[in-house]
Every structure is written in C-alpha cells, then in structure tokens.
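The chain below stands alone and is given in structure tokens; this is the form predicted alone.
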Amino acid sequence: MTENDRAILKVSELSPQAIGWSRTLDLLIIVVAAFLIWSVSHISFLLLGGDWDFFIDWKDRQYWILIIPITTIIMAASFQAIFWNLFRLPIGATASLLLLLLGTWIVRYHSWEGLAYFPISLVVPGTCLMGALVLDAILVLSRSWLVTGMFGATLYGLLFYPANWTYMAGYFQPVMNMGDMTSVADLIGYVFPRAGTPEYIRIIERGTLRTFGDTPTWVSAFFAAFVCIFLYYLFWGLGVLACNARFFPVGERFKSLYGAKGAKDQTAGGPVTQPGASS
C-alpha cells in the first residue's frame, strides 16, 4: 500500500479492503461505460447514416461526404461534453468514434465477410477518427466549447474526405467494363449483386469523370463542415444536460460494507458524533 493510498483511507475513513473493491468497481464501470458508448454510437450511426457508409460502391461523391460527418459529430460532441464537464478529460470525441470504428470493423468482418462471404474490400467502413482527434485537441488547447465548435467542427467536416482517401483512392481508378467506363468500386458492385442496389441511393453516372469525385466532392465537404458547427453546439448542450448529477441517499448498511467508521459505530449501538455538533 502506497502513502497516497494510506492518506486517502485516512481522509475517507474507509477500510483497507475498500481499495480493492473500489478498483474492481472502477474497472467494471469502465468496461460497462465503453460498451454503452459503443452501442449508443453504433445504433445511432446505423439509424442515421448506415446505408451511406456500407458498400464501397455506395460511397458517392456527394451524400457520403455530407451525411457521415453530420451523423457522427452528434456522438462526438455529446460524449466530449460529458467527459469534459465531469472528468476534465479531452477524449470524449476520440473515445466514442474509436469505439464506433472498432465495433463496425468487428461487425463487417465477422457478419459480412465471415457469414455472408462478401469481401472486406466491398464493406470497408469509413472513419472520422482524424476529425475527432482534431476536435479534442482544439478543446484542450482552447478550453472553450465555443472555439471548439467554430474551428474544430469545421475541420471535422473537412477532414473526413482526406482521411478516407488513403484507402478510397484505389477504388476511384477508372476501368472499362463491357464498353462503359466505370470505377473499380462500381465494378466490385457489379460482380457482387445484393438485394438492394445503389440506384435507390444514387444514380451511377457512366463514362464521366464526375463518377470519380471532382468539384462536387469539396462542395459537399464544405457544406458538411458548415452543418457540423450547428450540430456540435446543439449536441454539446444536450451532453451538458446529461452531466447534471443526481445523488441518492446512502444507507448505513451500504456504508458498513465499505467500512465507514460512523456506520460501524451505529451498527454496534454506539453513539455517532457529527462534526461540529455540540455535546
């Protein structure tokens, strides 16, 4: 037992066994909190933008770049507000989107490649992790949610496309397929037919360079950055509302489990002296 642990026990009036219980409880809370953050982020993402980020040939130059940042910043802003206001930890955005990315990879690998036999190159997910890192970095440097919303949310929307270009670039290469020019991503989609086709999401434009990005890509990126500013402020406020703590009275029986001295005296029938009380 360290000197710090002895000082904490002396101030809190807890028994030495309470240290092990407290650390075990902290570990359980961390595991449960990580699972809850992942589940909330994953379910919210599936409901709001799941189809747009699913198959590689559905990641078009307009709506994929627009919808994914504005559907993921709501989780990043909410959890960033919770972590910052309760713990002063600038890791809320990064932690939530990292857990979302890990959970998405697990689902895509085991469910779609392992069970449905789709190649992982067809269902590779996008990532907003670079924007989340910038969002947390600006918060810890400025210590202001107003500055973070203005500059961090703007960069969050703008960095989504460059961050995903490292793995998307190969799928934008033009190829000839039965006399038509298309991209490698669309060619993969032709080879692996699905129950839902990309036509209900977008129109496949054959034989034009607009299929491979061009100007509409950056127009969508700047519009996504603009929308992210307002969504960040809105969901930061909702995250702050979630930080309002509510305390419940703790009974003496629960206190005695942790070895509080006052609880032991009351359990044994002895008098309990309140600090500052007159005799």
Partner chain sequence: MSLHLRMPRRGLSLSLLLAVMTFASTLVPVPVAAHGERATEPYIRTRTVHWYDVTWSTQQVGVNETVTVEGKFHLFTDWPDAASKPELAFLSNATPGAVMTRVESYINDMPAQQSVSQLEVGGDYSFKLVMAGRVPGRWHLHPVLSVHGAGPIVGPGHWVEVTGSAADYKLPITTMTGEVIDDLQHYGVARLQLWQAGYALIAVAWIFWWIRRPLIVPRWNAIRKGREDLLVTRTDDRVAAAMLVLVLVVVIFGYHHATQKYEYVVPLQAGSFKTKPLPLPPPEVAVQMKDATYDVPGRSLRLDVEVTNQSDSPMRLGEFTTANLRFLNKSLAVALAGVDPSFPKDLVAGSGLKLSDDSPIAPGETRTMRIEATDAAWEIERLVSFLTNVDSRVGGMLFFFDAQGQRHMVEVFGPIIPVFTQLQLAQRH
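What we label the rigid core is the largest C-alpha set whose atoms superpose within 1.5 Å from one form to the other. Since this is a predicted model, take the numbers as computed values, not measurements. Numbering follows the first chain given and starts at 1.
Missing here is the form predicted together with its partner chain; even so, the following discussion is about that form.
S.K.: State yes or no: in the predicted bound form, is some non-hydrogen atom of Met150 no more than 4.5 angstroms from a non-hydrogen atom of its partner chain?
M.R.: Met150: no, not in contact with its partner chain in the predicted bound form.
S.K.: Taking 4.5 angstroms as the cut-off for heavy atoms, does Trp145 touch its partner chain in the predicted bound form?
M.R.: Taking the distances in the predicted bound form, the answer for Trp145 is no, it never comes within 4.5 Å of its partner chain.
S.K.: So in the predicted bound form, does any heavy atom of Thr154 sit within 4.5 Å of its partner chain?
M.R.: Contact with its partner chain, no.
S.K.: Report whether the minimum heavy atom distance between Arg61 and its partner chain in the predicted bound form is within 4.5 Å.
M.R.: So Arg61 counts as contacting its partner chain.
S.K.: May I ask you to list the residues of 4-28 that have any heavy atom within 4.5 angstroms of its partner chain in the predicted bound form, in sequence order?
M.R.: The stretch touches the partner through Asn4, Asp5, Ala7, Ile8, Leu9, Val11, Ser12, Glu13, Leu14, Ser22, Arg23, Leu25, Asp26.
S.K.: So that I can tell if Leu27 moves, could you say whether its C-alpha shifts by at least 2 Å between the shown form and the other one after the core superposition?
M.R.: Passes the 2 Å threshold, so yes.
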